[in-house]
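Coming up is one lone chain in structure tokens, specifically the form predicted alone.
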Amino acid sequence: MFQCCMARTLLDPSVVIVDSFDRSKLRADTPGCDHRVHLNNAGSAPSPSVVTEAIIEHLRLEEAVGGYEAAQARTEQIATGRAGVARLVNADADDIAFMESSTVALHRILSTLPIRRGDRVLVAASEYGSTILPLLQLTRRLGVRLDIIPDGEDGSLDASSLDRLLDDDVRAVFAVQCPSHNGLVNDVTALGRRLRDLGSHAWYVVDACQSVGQVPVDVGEIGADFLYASGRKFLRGPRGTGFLYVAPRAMAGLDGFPTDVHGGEWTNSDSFQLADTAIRFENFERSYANFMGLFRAVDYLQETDQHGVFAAIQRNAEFLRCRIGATPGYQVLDRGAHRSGIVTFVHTRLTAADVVGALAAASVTASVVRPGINPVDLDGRSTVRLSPHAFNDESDLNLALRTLSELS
């Protein structure tokens, strides 16, 4: 299941890795590094101080002039922020909608898609529970049939399985790029390409909640109709932020239901006009302060050299996999030919809660992944998840590894 493909690069002392960014600056910019080793960036990463400052600055403006007036004063900054988020995923600014979370984005998509009784929906086997749950609700409410896209031999999404799964009754296809409960990176680009090659009209929805901020995401290459992400994870923005990409095909054919006075205009007694951009999917009421923080987090990543950050996250994760996998008593569960910055494992004797508790006592933040996230993949057991970022250095990783070794 698990192969330590980067073992020589990471463990051979003769190999010197030079980062394309200043890790000491990342750590200095992140106050959370002063008192804890944060290895739960797949949950919610500690923000750089400039992100917090951007939020506070806007709150002070609201305090001085009022919330509506403060938002009006930020009109140009919001437009610039929308362009920055679009740049992050290689999209046009008009195709980006700001969301309060990735879950809000998913719910807006589900309420918009014309899914009818008897339709089929395909979903990745490694999908997140919060995606599966509303789809299961649709099976009860509308008699929608939910079919799983199987994994290939390496444990990742098998795009070729669409050849036998696709039919005219498939209304939508859902796929997660980086599952939150293992280190897998699904090839969502291959899946999108296969959908196009087969001439499918199904709506293609990609969950990039864990991938934006740690792997390259290009909506043009992926070919999704919708792609959504969270701001609080590897992107290091504040909680209560996220975004939704809406492709031109979806913009032309769907209405962003339900819209409000931000995304549409009531023109007379029985007619209305929708915004001609992805704004039709947004809510009028939201925290503008939080989105000032999101914009600053996006700028911070791009100023730091995002591809260098991506590479550092991968190296840190693979370093942990190799060492944990070689420690007696532990089993690394990650699979796939390509792996993310998420490392999952179990102890043969101790519970996941025991392991995470011991790490917490050593000032290392980790998380327990509960079976309900994906009971099929997790086979009814809880696992330990470590998710390092680029600001984590060797001393951070070694403290976690020493603690795990002492437990073993």
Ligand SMILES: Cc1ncc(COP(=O)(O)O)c(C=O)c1O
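Numbering starts at 1 and follows the sequence shown. Small disclaimer: the values here were computed from a predicted structure and weren't measured.
If you look for the form predicted together with this ligand, you will not find it shown, but the lines that follow are about it.
Residues Q214, F234 and T304 are none of them found to lie within 4.5 Å of this ligand in the predicted complex, as judged by heavy atom distances. Under a 4.5 angstroms non-hydrogen atom cutoff, this ligand in the predicted complex lacks L294 among its neighbouring residues. This ligand is not shown here, and in the predicted complex it never comes within 4.5 Å of any heavy atom of Y288. Among heavy atoms of F310, none comes within 4.5 Å of this ligand in the predicted complex. Contact between D334 and this ligand in the predicted complex is not found at the 4.5 Å heavy atom cutoff. Screening 157-165, 197-205, 256-264, 101-109 for residues having heavy atoms within 4.5 Å of this ligand in the predicted complex returns a single hit, 101-109. Checking Y300, F319, Y330, Y128 against this ligand in the predicted complex, a heavy atom within 4.5 Å turns up for just one residue: Y128. Think of it this way: in the predicted complex, this ligand has a heavy atom of just one of C178, V219, V188, V246 within 4.5 Å, and the residue is C178. Taking this ligand as it sits in the predicted complex, the stretch 209-233 comes within 4.5 angstroms of it through a non-hydrogen atom at C209, Q210, S230, R232, K233.
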